[in-house]
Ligand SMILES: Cc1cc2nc3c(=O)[nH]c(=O)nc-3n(C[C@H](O)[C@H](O)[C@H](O)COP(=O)(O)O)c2cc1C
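Just the one chain here, the form predicted on its own, laid out as structure tokens.
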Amino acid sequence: MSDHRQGHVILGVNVLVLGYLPAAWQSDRLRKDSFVDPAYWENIGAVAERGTLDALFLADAPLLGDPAYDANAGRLEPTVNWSHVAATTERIGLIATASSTLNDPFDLAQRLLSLDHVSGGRAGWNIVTTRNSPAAQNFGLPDIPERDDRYDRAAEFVDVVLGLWDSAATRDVVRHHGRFFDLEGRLDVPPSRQGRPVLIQAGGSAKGRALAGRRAEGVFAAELTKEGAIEHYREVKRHAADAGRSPESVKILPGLLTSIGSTEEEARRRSDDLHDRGPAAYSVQWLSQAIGYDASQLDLDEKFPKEVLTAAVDPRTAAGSIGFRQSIVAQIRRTNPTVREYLRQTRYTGSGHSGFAGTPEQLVDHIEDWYRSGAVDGFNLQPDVLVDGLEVIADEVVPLLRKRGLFRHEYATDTLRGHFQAASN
């Protein structure tokens, strides 16, 4: 990709309620009830709009988080949370995560289109299939379905939801009789200003990438290396073209964990301090759930065993994330660290999602390099601590991107789909 790439980067922020790292809640700018405090969320929305960011993402919570590796054990339902923020903001996109495995398509289509309507066309749906067995049990299922079944259901789920959203405008009854769903009806929610919510697909499996190319307008990807990101980028764009869509119609936005300081040393100290104040076993437990292997059984001072890196993963039954595992194994093969060395370096390089620890100028260098290399259309940034990390992004990173012609100076559109489309011009 050349230096003359047209358009600008897309910047979203995955808010993760209080921040990405488990010790985020210890910030002296937070209170014990910040995660349910309306004023906290109003401030997040205001800062994001001050930086003219494209969107805020919020994860769903079909089960209680594990405090051993999750900074945000409690959180509000995303569409309800974003409805409040929508009332206090005007331009920022608001993307809610919802599972196609644990929801009903009629109910979810109604909730998301309602959010899109009340926000003036700023809603998006981050489609996930959920891989946690305890979450399934919360919904009366004996276990989470196998991966292929989850993605088959997701594909049909999305088709049904799109039909229902179309019915809001046409008033035509949707008659769907498929493998997973059987319904006849239409939505009574009025169409939104952008017609319907923007679709985001999260996940790196083969079926997930194919679904993204066929239907999604954005992909929340997990990439640790630029080479892997370029491969993923080209694959999804190819799927889009094969489906008769413009490759520009689907935007690739990997997650990027950020720890930012006035010097690289300061940023690393901030990351070290947050990691050291979190649970001692955080990194090992996070790695275990990400790759579907009990990393606590590994010798910390030995290299990763070949059987861990070469293990054949059955995508139907794999417990972890296929996308996370692929990017983590690629990173380990590239640097060949001991387990302890890998866990240490992931403080700064990320694990699953890529990480960054450095200055605002270095972060802009990173964003520009990946963007101009054709690896991304933008990033979904994940501050270590949201409340101050977001301020640095809005007030220090964005102005540097503008100076390089990589980001807008002011909003040119007022819907989420408009923001995505304007980035290509």
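Predicted model, so just to flag it, every value in this text is computed and none were measured. Start at 1 and count along the sequence shown; that's the residue number.
Form predicted together with the named molecule: not shown, discussed below.
Novice: Can you pick the one in 117, 91, 131, 275 that has a heavy atom within 4.5 Å of the named molecule in the model of the complex?
Specialist: Contact residue from the list: 131.
Novice: Of the options 324, 293, 165, 157, which one has a non-hydrogen atom that comes within 4.5 Å of the named molecule in the model of the complex?
Specialist: Residue within 4.5 Å of the partner: 324.
Novice: Want to guess which of 196-204, 105-113, 260-268, 239-247 is within 4.5 Å of the named molecule in the model of the complex, heavy atoms only?
Specialist: Contact-bearing stretch, as computed: 196-204.
Novice: Within 4.5 Å of the named molecule in the model of the complex: all of 233, 329 and 366, by heavy atom?
Specialist: No, none of 233, 329 and 366 comes within 4.5 Å of the named molecule in the model of the complex.
Novice: Quick one: is residue 72 in contact with the named molecule in the model of the complex, heavy atoms, 4.5 Å cut-off?
Specialist: Residue 72 lies outside the contact set for the named molecule.
Novice: Would you please decide whether residue 151 lies within 4.5 angstroms of the named molecule in the model of the complex, comparing each non-hydrogen atom pair?
Specialist: Yes, residue 151 lies within 4.5 Å of the named molecule in the model of the complex.
Novice: Report whether the minimum heavy atom distance between residue 394 and the named molecule in the model of the complex is within 4.5 Å.
Specialist: Taking the distances in the model of the complex, the answer for residue 394 is no, it never comes within 4.5 Å of the named molecule.
Novice: Taking 4.5 angstroms as the cut-off for heavy atoms, does residue 97 touch the named molecule in the model of the complex?
Specialist: So residue 97 counts as contacting the named molecule.
Novice: Across 211-233, which residues bring a heavy atom to within 4.5 Å of the named molecule in the model of the complex?
Specialist: Contacting residues: 220, 221, 222.
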